[in-house]
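Single chain ahead, written as C-alpha cells, the form predicted on its own.
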Amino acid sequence: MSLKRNILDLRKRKIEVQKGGGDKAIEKQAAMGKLTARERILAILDENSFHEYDLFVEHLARDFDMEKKVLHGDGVITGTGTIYGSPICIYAQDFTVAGGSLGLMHARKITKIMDHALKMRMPLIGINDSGGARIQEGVNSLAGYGEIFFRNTLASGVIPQLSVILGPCAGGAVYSPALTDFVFVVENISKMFITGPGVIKSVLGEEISMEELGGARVHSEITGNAHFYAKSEIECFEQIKKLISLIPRNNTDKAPVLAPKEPLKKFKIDKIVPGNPRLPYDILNIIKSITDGSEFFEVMEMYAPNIVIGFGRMNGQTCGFVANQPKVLAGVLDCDSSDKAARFIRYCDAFNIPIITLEDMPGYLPGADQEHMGVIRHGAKILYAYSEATVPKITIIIRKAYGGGYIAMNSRHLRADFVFAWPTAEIAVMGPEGAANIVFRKEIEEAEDPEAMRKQKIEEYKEKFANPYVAAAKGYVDQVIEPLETRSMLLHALSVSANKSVSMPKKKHGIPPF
C-alpha cells in the first residue's frame, strides 16, 4: 500500500472513531441538553491546542458477546492541550459509547493520562459522564476504578486535579471526584450518588428523584461535594478557565502573576462595617475593597455560607482568602464551615498560595446538634490546617474575635506571620455581655438597679478587655491599623514574607482530625 493510501486510510479511521457512538447516540446526547465529550474538551481548551492520545484503543472483553461490539476509543477521550497557553492534561468520558461505562482499557486510558500529568507536573481535568462500571467486564472494571483512585491520591498536593460532573457519576465512580481538588457541577445535568433512586426504593421503600438524591444543587448546598455550580456547560467551562488562570500548574511552581490593579473606588472599606457591633455586613465587600480590580473568585459559594473562601489577587499575585461572613449566623464556625475552610487552607498551602484571613466572629456555634455532629473534631480541622500551613499567613481582625474562634482564625498562636487589627476589634474570651454577667455577677445582683449596673459593667469590660490594645500590648497583634490602611499593610506583609522559609519536625505525615 502506498504512503498516500496509508494516509487516506488513517484519515478514514480517525473520522470513524471520532464519531463516538454514532449519529443517533450523539442526537440523544444533544436531546438531553449535553455536549459530546469531544465538544466539551474543545470548548475548554485553547483553540487548536488539543492533541489526542490512544484514539484507537479497543476493549478486551470477550464475555456476553462483547467481542462483537465495537466501542470507539472504549468510551473515553484523552489528551493534552492548553488553557491560556498553560499546558493541561484532560480526559472526557463519552456517554455516546456504551454509556461511558468503565472497562479495563477505558480505565487504562485514564490512568495513562493521569501518569503523564503527574510525570510532566501538569494540571489534570477529568470530565465524568458515565453509567458506571461496565458489568460485562466484572472485576476488571472495579480494578480500573481502584487504579484511578490510587493515582488521585498520589497526585494530591502535587498537581491540581479538577473533576467536572457532566452527566451521571454513580457508585464507586464518585470517589475519584471526591479525591480531587475541585468539583464542578451543572444544573439539571450533573448527578452524583452512591446508590441510585431505584435501589433506595427497593431497600427503603422511599421515592426520590435523581435530582433530589444527588443533583448539582444538592451537592453545592447540602453535601459540600461540589465547589463550583453553573447553570450551563459553557458557564462551567468559563469557571474552569478562571480557576486555571489563578492557580499554579504544580506544587513547585507559583501562580501566574498579572499586572497589578487598584480596587474599584465604589468599594469604600471605611464605610462598610456598621458602628453598631450587633449589625451584620457583607464580608465580600471588604474583600472586594482590597483585591486587585475588586475581583474575587469564590469557592463553595452555596455551602456553609457563614464562611467565605476563594481566590483574589494582591499586587498581581494570587492569594487565598478565608473570611467569616457576619451576615450569616454572625460568621460563627461550625462543623461544615470548619471543614470548608480547613480543606481550602491545605490546598493553598500545598500550592504555595499565601493565605489572608479576615476575622469577625463570636466563636464556635453552640448547641446540642453541633456537639452531637462532632463540632470538636470538625472544629479541630481548621486549627490543624492553619498550624500546619507554611505559606505566608496574614490575619486582619475586623471586629469580633472571641474565645476558641479567635485562636482558630489564624491567630499568632498558630504561627500567623502578621496579625493586624482594626480599632473596632474585640479580642476576648467571650462577648462583653456574657463576660460581664459572669465576672461581675455579685455586684450586679447586689446593686439597687441591677440593669443599670450590668450596663455599666459591660462598658467597663469593653474598656478593659474587648478591644485590640490588650492583645497588641502583649505582642499578639502586630499593629492596630485604620481600615483605609488594610490593603497597603497586606501588600507590605506579602512582600516581606515572599521568601518565607519554615522548618517543620521531620515525620512521615501528621494525623489530622479527619
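Numbers for residues come from their place in the sequence shown, where the first is 1. Keep in mind it's a predicted model, so treat the numbers as computed, not measured.
What comes next is about the form predicted in complex with hexanoyl-coenzyme A, which does not appear here.
K.L.:
Do G171 and hexanoyl-coenzyme A share at least one heavy atom pair within 4.5 Å in the predicted bound form?
P.N.:
Yes.
K.L.:
If you check in the predicted bound form, is T291 within 4.5 Å of hexanoyl-coenzyme A, heavy atoms only?
P.N.:
Contact with hexanoyl-coenzyme A, no.
K.L.:
According to a 4.5 angstroms non-hydrogen atom cut-off, is F321 in contact with hexanoyl-coenzyme A in the predicted bound form?
P.N.:
Although hexanoyl-coenzyme A is absent here, F321 would stay clear of it in the predicted bound form, with no heavy atoms inside 4.5 Å.
K.L.:
Residue-level question: is Y145 within 4.5 Å of hexanoyl-coenzyme A in the predicted bound form, judged on heavy atoms?
P.N.:
Looking in the predicted bound form, residue contacts with hexanoyl-coenzyme A include Y145, since a heavy atom lies within 4.5 Å.
K.L.:
Exactly one residue in H106, R134, K393, H227 has a non-hydrogen atom within 4.5 Å of hexanoyl-coenzyme A in the predicted bound form; which is it?
P.N.:
Going through each option in turn, the one that passes is R134.
K.L.:
Of the residues F149, W422, Y281, Y384, which one places a heavy atom within 4.5 Å of hexanoyl-coenzyme A in the predicted bound form?
P.N.:
The residue in contact is F149.
K.L.:
Among 252-260, 402-410, 297-305, 171-179, which stretch sits within 4.5 Å of hexanoyl-coenzyme A in the predicted bound form, heavy atoms only?
P.N.:
Of the stretches listed, the one contacting the partner is 171-179.
K.L.:
Though the partner is not shown here, which residues of 23-58 have a heavy atom within 4.5 Å of hexanoyl-coenzyme A in the predicted bound form?
P.N.:
K28, M32, in sequence order.
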